[in-house]
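One chain comes next, on its own, written out as structure tokens in the form predicted alone.
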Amino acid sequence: MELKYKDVLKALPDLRKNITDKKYYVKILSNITLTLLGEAVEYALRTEGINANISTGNFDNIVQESVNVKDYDCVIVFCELANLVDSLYYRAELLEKPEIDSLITKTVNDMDFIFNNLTEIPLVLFSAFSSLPFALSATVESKYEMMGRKLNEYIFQSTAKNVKIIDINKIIAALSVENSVDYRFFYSSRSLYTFEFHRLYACAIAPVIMSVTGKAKKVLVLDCDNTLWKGTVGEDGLKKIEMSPNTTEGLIFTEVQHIALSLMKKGVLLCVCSKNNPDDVDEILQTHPDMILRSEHFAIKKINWTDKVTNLKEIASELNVSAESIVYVDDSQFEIGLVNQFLPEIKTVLVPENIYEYPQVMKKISELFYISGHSKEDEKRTKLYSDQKMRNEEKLKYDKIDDYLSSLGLKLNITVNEKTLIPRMSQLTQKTNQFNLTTKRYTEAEIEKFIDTGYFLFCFSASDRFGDYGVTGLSIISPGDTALIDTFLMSCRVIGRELEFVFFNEIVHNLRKHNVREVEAQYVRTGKNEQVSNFYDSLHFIKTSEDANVKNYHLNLKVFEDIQIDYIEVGSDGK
């Protein structure tokens, strides 16, 4: 069902009441009228559990208002080409080259000024210039189109790390110019775009904001029959299922598998959830010549006759992720309906009846897994979970947890202010929820600024005899005689190994070398970090105050004694 503006207005009051998390403040700056965009963005974010608070600046006042947005989490800048100067969309063809060059120079200077004013903003979303609403010819580039192209070339080459460029031409192409633009309202009130355009724009930027607020999708779960291949293996047999690139329908499923594999290589966890005989599916995954996805590409395979809801719950539990981070694809309306009823937090996608639409549906799904930065951990995430499965099996051989931990051969390597790890540090703040004392989310630009302004950013990577965990711990600490622990977190996949205690030992050693005498810290309660509510107590911090949601702590480093964990070997980068 197509979502109308009235539907959004009707739904927003309930969405506002039901979400009580920390507010996420968004400011929209524009040189055209964007009356509908605020509600569209708020609806898109609130349906993903983000407590969005949207405000819109004054009409055509971007440069001046960019000075006064310091307290916002995100600023959307919509600088419309048609309104750079009054009536540019039809006057451009009569301008001489010096006039065009002067206008381009002025606009570039304005953008530099705007971006400079917004350097403190964690996330800036800048809409690329589009000439499509007023394009003249498919064969000749007009002066107006040339101006848009040159301005885009500049912004794509010169924007800072906190700026993401939104290519609105793709949104217009998806809808058509006719369905994206409302010329009637443009001429009467400079309101150029339709609500459907605003809605798709909001959907396009939502995954970016989800990624920096800890709401990103992480897991893609796929059914098998008529989802990974055409046909039902239990009825048709291995030889008659179809996924060959040499047939019309087979090519479609080949493309779908390639899309899934590319997501896996970017760090998305792939899983199978299928009602089937396990041996049949395993044979296909291991031996079928047309199969692109193999067993090693899947973090978990639930191939049995148990209901899908139970299997999806187990997948979430075994991966230690929330259900809201899962996207589930199935060809059965019944199965999709069942999951929608009992696990509504999971995003479900039905394989389209017109199978030729399936690859496009998968490409839209891919947009949900927005990854703000690429790290080594992304490339090997599936192997990390495979290694963990072996650890869990090994654990069963021991009666005492200490004996098991001692058998692992744990090694911890510490780095300090290592700029090559900035993407991973940002990812850890955005994804880690359980072992996270303050649950603050930071972009790459914010992480880099911490380093450049003298903060200590400690990271640890860990390994054992089963494999490498990757970079899984982070602490951000302010400089000074009395330092503040802004962030202390650890990935859920290394919880239970007591690495956090050895990590803190090493942090104290480093801080003492930098003449830090005292440390202050906070535990900020969330819905997911209750397990670390007494972490600072276990390190013998003194609690200075407490209310329902926050505990404040103090530690004199002179009296701190190392927590003794003998089975963890420690290294460092020497800094």
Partner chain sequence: MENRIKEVMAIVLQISESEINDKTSMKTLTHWDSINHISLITALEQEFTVRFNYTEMAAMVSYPIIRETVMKKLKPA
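Since this is a predicted model, take the numbers as computed values, not measurements. Positions refer to the first chain, counted from 1.
Not on display, but discussed next: the form predicted together with its partner chain.
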Check your understanding: Does its partner chain get within 4.5 angstroms of any non-hydrogen atom of Lys10 in the model of the complex?
Key -> yes
Review point. Does Leu36 reach its partner chain in the model of the complex if we count a contact as any heavy atom within 4.5 Å?
Key: yes
Point to revise | Contact label in the model of the complex: Asp464 to its partner chain, heavy atom within 4.5 Å | key: no
**Study point:** Residue contact check: Asp307 to its partner chain in the model of the complex, 4.5 Å heavy atom
**Key:** no
Check your understanding: Do heavy atoms from each of Gln531, Tyr536 and His540 fall within 4.5 Å of its partner chain in the model of the complex?
Key -> no
Review point. Based on heavy atom distances of at most 4.5 Å to its partner chain in the model of the complex, which listed stretch, 80-88, 191-199, 98-106, 449-457, is the contact stretch?
Key: 191-199
Practice item. Identify, from the list Phe501, Phe185, Phe113, Phe342, the residue with a heavy atom within 4.5 Å of its partner chain in the model of the complex. Key: Phe185
